[in-house]
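A single chain comes next, written as structure tokens; it is the form predicted alone.
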């Protein structure tokens, strides 16, 4: 009976699952190593797909189910897994003809951009060694204030880009004031400028919820901060950033915030080193998502809040943390947090030989840009009134 049921499952049944769960990454030009948009593309990988979804290794997801619900949870349902299993065990047959999966415009994970900014020259990444963070000043996209409802950064050679941050440098900012448009600058520098988006392999582009957007002030420039990582083959990357402008002014503005602990000092062979950072919301805000960032020794990351002193609530626990899959976790229902709410972030690191990703368990590890060093950064995004910018958000007002 089971064999008959399996034999009845064809690619017609599997294709919608791939469209919902897989093709965001597994299509031409994306991070997935093979496209899965047609039967011909998918059939050679059928058994591997079955094994990956049965073992829950694909799609990647690391949030502890006991804390929070997230609208971008990509994991397959039991029914979807059984459909794929039945298709493979029934011979992975094609069945009736199906139309190719409808995807977004080739080269983008957002709708067709209204504006595209591209590095003027490709950056040469060597085959080996390390590369300091590069800052590339892009042209100003907006002569007047503009609102961005979607944005995406796309390397031309994904394999050599570990991550990239796209900053919004306002026209009167002194940050990187000596930078020349299109000329990479490797200075170590920090900024309080707002962030338009963060790119990591497998992370979806920025797409604002309805009624929300990010603001690029008049004559502001975008700055690419790129972490290039040589992978054994010399390459030249020319990243581009696509912008979709909001059709009308939003009700709320999205701000990307972050908290760091730059004082980490992980002893050699320490399998459970903890580091924390905490703060207090200076104004009311609507919490939208989380994006934790650690390096190769990171093993977990947790966000907790307390709206009242001592009443802590875990909103997200990422365990295990995987350096090669740095994901954004979008709350299923945005959380309204009153001013005065405390937020605490805690990271755990495994600097022992039992960590298969550890480059050197005998090293003492401190903060640094490169992957063999460590970081602790907890990004999160909030929605605030459209007229409130990042600077004014941090002005603490008197309680009413």
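Quick caveat: nothing in here was measured; it's all calculated off a predicted structure. Positions refer to the first chain, counted from 1.
The same protein also exists as the form predicted together with a small molecule; that form is not shown, yet it is the one meant from here on.
Participant: Pick the stretch from 348-356, 361-369, 33-41, 63-71 whose residues have a heavy atom within 4.5 Å of the small molecule in the predicted bound form.
Facilitator: Only one stretch passes the 4.5 Å heavy-atom test: 33-41.
Participant: Verify the contact flag for residue 202: yes if a non-hydrogen atom of it lies within 4.5 Å of a non-hydrogen atom of the small molecule in the predicted bound form, no if not.
Facilitator: Residue 202: yes, in contact with the small molecule in the predicted bound form.
Participant: So, residue 384 and the small molecule: in the predicted bound form, are they within 4.5 Å at any heavy atom pair?
Facilitator: Because no heavy atom of residue 384 falls inside 4.5 Å of the small molecule in the predicted bound form, the answer is no.
Participant: Considering non-hydrogen atoms and a 4.5 Å limit, does the small molecule approach residue 22 in the predicted bound form?
Facilitator: It does: once the small molecule is placed as it appears in the predicted bound form, residue 22 has a heavy atom within 4.5 Å of it.
Participant: Is there a heavy atom of residue 58 no more than 4.5 Å from a heavy atom of the small molecule in the predicted bound form?
Facilitator: Contact with the small molecule, yes.
Participant: Flag this candidate site as yes only if 162, 294 and 329 all have a heavy atom within 4.5 Å of the small molecule in the predicted bound form; otherwise mark no.
Facilitator: Not a single listed residue reaches the small molecule in the predicted bound form, so no.
Participant: Counting any non-hydrogen atom inside 4.5 Å, which residue from 343, 337, 49, 375 sits next to the small molecule in the predicted bound form?
Facilitator: Contact check passes for 49.
Participant: Counting non-hydrogen atoms within 4.5 angstroms of the small molecule in the predicted bound form, say which of 222, 88, 76, 257 makes the cut.
Facilitator: It is 76.
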